[in-house]
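A lone chain, given as structure tokens: the form predicted alone.
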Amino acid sequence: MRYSTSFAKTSKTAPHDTESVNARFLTQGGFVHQEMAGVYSWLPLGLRVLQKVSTIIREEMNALGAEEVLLPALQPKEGWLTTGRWDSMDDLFKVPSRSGKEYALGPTHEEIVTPLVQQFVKSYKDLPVAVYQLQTKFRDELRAKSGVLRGREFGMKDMYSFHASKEDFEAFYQRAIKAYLQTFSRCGLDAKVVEASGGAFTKKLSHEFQIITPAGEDTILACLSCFFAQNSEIATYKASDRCPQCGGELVMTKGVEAGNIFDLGQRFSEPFNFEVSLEDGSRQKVFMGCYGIGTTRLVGAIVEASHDERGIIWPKSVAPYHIHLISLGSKDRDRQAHIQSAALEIYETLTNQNVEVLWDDRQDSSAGEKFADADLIGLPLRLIISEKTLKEESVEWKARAETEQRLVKVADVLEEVGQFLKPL
């Protein structure tokens, strides 16, 4: 991608009302644009990150054995009346129609997915079933804040599992925890598994997946060596205690919730009378679980966890592009043409090998402006081509997460980039 042809550009100043790191850097870096409180447009750079996060989630949910569906965002009132949540969920958007009917903009999809799966599942032989979707959700937050971490319109992966027995559900639940940890790890995040109350969804215990960051909304007691953590409000250990999982040190810290899983029990199969015949001929309500990851929220959590004072530091797996190629200008016309020609050759060589390159080919921007934009955008690797580097038949190589830079011969760039991206 040539940066000069992209309509969305960086901004030198942060929006005045951005109180969080992700809001400032995602907006200033040209990843998102705020339309109103809690509602964002995702621009080309931001959408590429969101799509990569979604791809990782899809791959892990598919490996778990779940099937992808797409459920309606506009939901009939009747299902919410059946479960008793039409009047009990305070953040439910209710939409009146000219026909006199009312609908809900879905904040969650138990009221849709439960009767849907019920249409196809009649016997224990049809179970277990797990379905998931990546979709837009709506919640009437009184105070949308923290950038894309808390919005009124947001992306989410929600999965629902259906089981003939409690034991089968519990086995799947443990597999889901592992799949979630793998998902966050692939996104470059160190997630902690926190036992917490299920809140509005269920009275049973549930688990949250917290990303450690000073900007976190939650205070948790976390192990420095493994994934164990507890919410400070229900903690049975204290700071400096040894971790019950691995013996590591427990510390009090802040975290951002990036996902959660719930044991729904028969909370939703009961009102819909969703039961199956068992092997002995008896009938039983199915057991259900709910598993959520906020996709747009996860992008914000990555920024909160991986940045410095200059901008974002994207993990390689979710960066919008792998390489930020910068061609610097020259006052000499012939040298300028040589620089652009060399940059074009590297750009085409890399892209032809499926390396994703953002080329800052602007000829009316200073070197300082280009470097500042590169730090703000935060791609994993920066390559600079200039009069100075071409004298050495080289490019300047600098990883975003490192402070050192070095020269790499133009002839060796493709091989070295391949080694740099090899973990992908």
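Everything numeric in this text was worked out from a predicted model, so none of it was measured. In this text, residue numbers run from 1 along the sequence as written.
Another form exists, predicted in complex with adenosine-5'-triphosphate; not displayed. Remarks below refer to it.
Contact check for residue 148: a non-hydrogen atom falls within 4.5 Å of adenosine-5'-triphosphate in the predicted complex. The closest heavy atom approach of residue 163 to adenosine-5'-triphosphate in the predicted complex falls outside 4.5 Å. With a 4.5 Å cutoff on heavy atoms, residue 139 counts as touching adenosine-5'-triphosphate in the predicted complex. The closest non-hydrogen atom of residue 260 lies within 4.5 Å of adenosine-5'-triphosphate in the predicted complex. Contact with adenosine-5'-triphosphate in the predicted complex, judged by any heavy atom within 4.5 Å, is made by just one of 106, 300, 320, 292: 292. In terms of contact with adenosine-5'-triphosphate in the predicted complex, the residue from 124, 227, 154, 169 that brings a heavy atom within 4.5 Å is 154.
None of 280-288, 98-106, 251-259, 70-78 except one has non-hydrogen atoms within 4.5 angstroms of adenosine-5'-triphosphate in the predicted complex; the exception is 251-259.
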